[in-house]
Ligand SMILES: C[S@@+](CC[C@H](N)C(=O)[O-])C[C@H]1O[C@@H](n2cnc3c(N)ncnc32)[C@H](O)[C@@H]1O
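Next up: a single chain in structure tokens, the form predicted on its own.
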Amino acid sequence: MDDYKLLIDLHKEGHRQGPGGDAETELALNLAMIDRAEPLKIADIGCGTGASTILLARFLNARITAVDFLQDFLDVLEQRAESTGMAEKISPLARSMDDLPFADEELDVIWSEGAIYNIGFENGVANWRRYLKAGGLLVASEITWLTDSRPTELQNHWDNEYPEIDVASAKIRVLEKHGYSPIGYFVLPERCWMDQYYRPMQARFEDFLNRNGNSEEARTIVAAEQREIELYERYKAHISYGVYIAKKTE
């Protein structure tokens, strides 16, 4: 099994494929001041197995297109949507986030938790803007420096993993540059990393290795994930995900 398939195998059983939490999804909804009774058309881009998608369906009067390029994740989302009674409000779509089928000004809200980094924050906010109606909302979480300077070990790791990582003020400037008015921002707390993402993933390591014959490739993936976890535990004062809420300007 190649590394790509191994990563899918490790993460598809997770409730979330990145840091986040149900309370934080609802907080973002509240800060966005979305009318929960108004009929809305929403795209949840990079939805993974649907943790945020199902919450949006539960809280809002919305039709939600759940976009992910991994059908394995969408299969899990469909099962979860059926079991929670939300399937009629959610339309899964296997599609790359840089090749979306939406018409100009079709969407009321674009939602993307822990996924926009796949095409880069600036690329995402710039190219997705056209799909939003005037006054439409973008809600996206993005890995963010919390301090102006960082330990070299941490800086080098994330410069290699995601060179676009930056402080919140820089991300907000990107939003303003591309025709958005920022209306809200908050930082994901530690529990969104440890309790919602890292600890559940660590609990799956043994089964993942056994399922894949304890191969060198599988062990390399576990070692890389464990390295990231250790860096977060050591340097969490310097890094988190920021949740950015912005309105498309006229």
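Keep in mind that what you see is a predicted model, and the values were worked out from it rather than measured. Start at 1 and count along the sequence shown; that's the residue number.
A second form of this protein, the form predicted in complex with the ligand, is not displayed here; the remarks below concern that form.
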Partner-proximal stretch of 44-52, 58-66, 221-229, 205-213 relative to the ligand in the model of the complex, 4.5 angstroms, heavy atom: 44-52
Any non-hydrogen atom of Gln155 within 4.5 angstroms of the ligand in the model of the complex: no
4.5 angstroms heavy atom contact with the ligand in the model of the complex for Gly114: yes
Contact flag, Leu40 vs the ligand in the model of the complex, heavy atom cut 4.5 Å: no
The ligand contact in the model of the complex: Asn123, any heavy atom under 4.5 Å: no
Non-hydrogen atom within 4.5 angstroms of the ligand in the model of the complex for each of Leu132, Leu175 and Tyr180: no
Listed residue (Met97, Leu77, Val139, Leu107) with a non-hydrogen atom within 4.5 angstroms of the ligand in the model of the complex: Met97
